[in-house]
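A lone chain, given as structure tokens: the form predicted on its own.
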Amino acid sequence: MMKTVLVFLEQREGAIKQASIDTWNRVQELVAFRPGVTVSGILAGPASTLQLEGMLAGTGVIFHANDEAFRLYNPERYARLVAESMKRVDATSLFFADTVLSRDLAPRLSVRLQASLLSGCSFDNGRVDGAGCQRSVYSGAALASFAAERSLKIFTITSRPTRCTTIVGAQTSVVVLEPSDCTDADFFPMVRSITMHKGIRDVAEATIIVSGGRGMGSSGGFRLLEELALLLGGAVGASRPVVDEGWRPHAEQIGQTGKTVAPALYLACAISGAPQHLAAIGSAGTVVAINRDPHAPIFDVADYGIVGDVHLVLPKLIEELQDFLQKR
């Protein structure tokens, strides 16, 4: 019997989030050797699907609600669209990237569809059409398996970069859905606008993150990290104590109460390495740590480590990087 799984593709300001693209590719990897499982997608909001060319693995159909009404996130409107899409393709499972939006939408759909919700899944065991998944627990100290009690399942998948090799021969088509005939009066609450901070990149999307801890000393200390991130084309992250102090916004917080990230390069500056923080960077490619405490836990997971005061090391690092870029 043919089974279908549905992947939610999230957009913001017309740009499809890389985390959703990675989720699509991850699901395609998992079903590649499982005959009888097909993948469909649902994209809500006006966004150019041309940006997906050469980025999506496998085969499947993406249903695009290219309607201005879906530009901004509305819980009820989005939940109705996804629920209808689940019925359209008779999907047995629904997959989200583990983002701020999905942490609100997935539980709503779980109640609406009477589906089991398994969040923060890694799927390192390769199961996608079964009943369960794996997830890190106890601040990343252990890996636990969870099973769904119901036939209809909803998963949120933690960040993980996907390989481009699976994209060769991909055949994904897009079907544009009819505009919604519902009005704003049918939905409450309504999001009227989203304020985007210019020049600030989302750490969940960044391939390079320069992150700082309380050892940076003050909010002013993060100017060094901003300068380094600008040179590298990356984003600035922060530990929970930094956010608690009010030095950086919560949107930059990395940790179990913040965001889980999977950059190709992660620079941890003056971060001691609390278990909650280490669990959130477990999928990072290369970790470089700078800390004056040689026994800091961050060095246990770092690929490269520098023991020293960040206020002395970072200016030298920035200077060397500037010289290198000028010679290129």
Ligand SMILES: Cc1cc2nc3c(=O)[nH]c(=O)nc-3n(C[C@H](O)[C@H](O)[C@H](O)COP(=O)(O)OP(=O)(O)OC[C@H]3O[C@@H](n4cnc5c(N)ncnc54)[C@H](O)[C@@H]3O)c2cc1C
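From 1 onward, residues are counted along the sequence shown. It should be emphasised that the depicted structure is a prediction, and the values quoted were computed from it without experimental measurement. Superpose the two forms; the largest set of C-alphas matching within 1.5 Å is the rigid core.
Keep in mind that the form predicted in complex with the named molecule is missing from the display, and what follows is about it.
Asker: Which one, 150-158, 76-84, 112-120, 240-248, holds residues whose non-hydrogen atoms are within 4.5 Å of the named molecule in the predicted complex?
Answerer: That would be stretch 240-248.
Asker: Only one of V261, L267, A57, A270 comes within 4.5 Å of the named molecule in the predicted complex by heavy atoms, so just point that one out.
Answerer: Exactly one residue meets the criterion: A270.
Asker: Can you pick out, from S283, Q276, S48, T286, the residue that has a heavy atom within 4.5 Å of the named molecule in the predicted complex?
Answerer: It is Q276.
Asker: Please tell me whether any heavy atom belonging to G213 falls inside 4.5 Å of a heavy atom of the named molecule, as the geometry stands in the predicted complex.
Answerer: Close contact exists here: in the predicted complex, G213 approaches the named molecule to within 4.5 Å, heavy atoms only.
Asker: Mark A69 yes when one of its heavy atoms lies within 4.5 Å of a heavy atom of the named molecule in the predicted complex, and no otherwise.
Answerer: Flag for A69 set to no.
Asker: Can you work out whether R34 and the named molecule are in contact in the predicted complex, taking contact to mean some heavy atom pair no more than 4.5 Å apart?
Answerer: No, no contact at 4.5 Å.
Asker: Report yes if any heavy atom of K316 sits within 4.5 Å of a heavy atom of the named molecule in the predicted complex; otherwise report no.
Answerer: No, K316 sits far enough from the named molecule in the predicted complex that none of its heavy atoms falls within 4.5 Å.
Asker: Going by the named molecule in the predicted complex, which residues of 226-262 come within 4.5 Å of it through any heavy atom?
Answerer: Those in contact are S239, R240, P241, Q253, I254, G255, Q256, T257, G258.
Asker: Would the C-alpha of Q28 be classed as shifted by 2 Å or more between the shown form and the other one after rigid-core alignment?
Answerer: It does not reach a 2 Å shift.
Asker: Core-aligned, is the CA shift for S40 between the shown form and the other one 2 angstroms or more?
Answerer: Where the cores coincide, S40 shows only a C-alpha shift between the shown form and the other one that is less than 2 Å.
Asker: Verify the C-alpha shift of G54 between the shown form and the other one: is it 2 Å or more after superposing the core?
Answerer: No, the C-alpha moves less than 2 Å.
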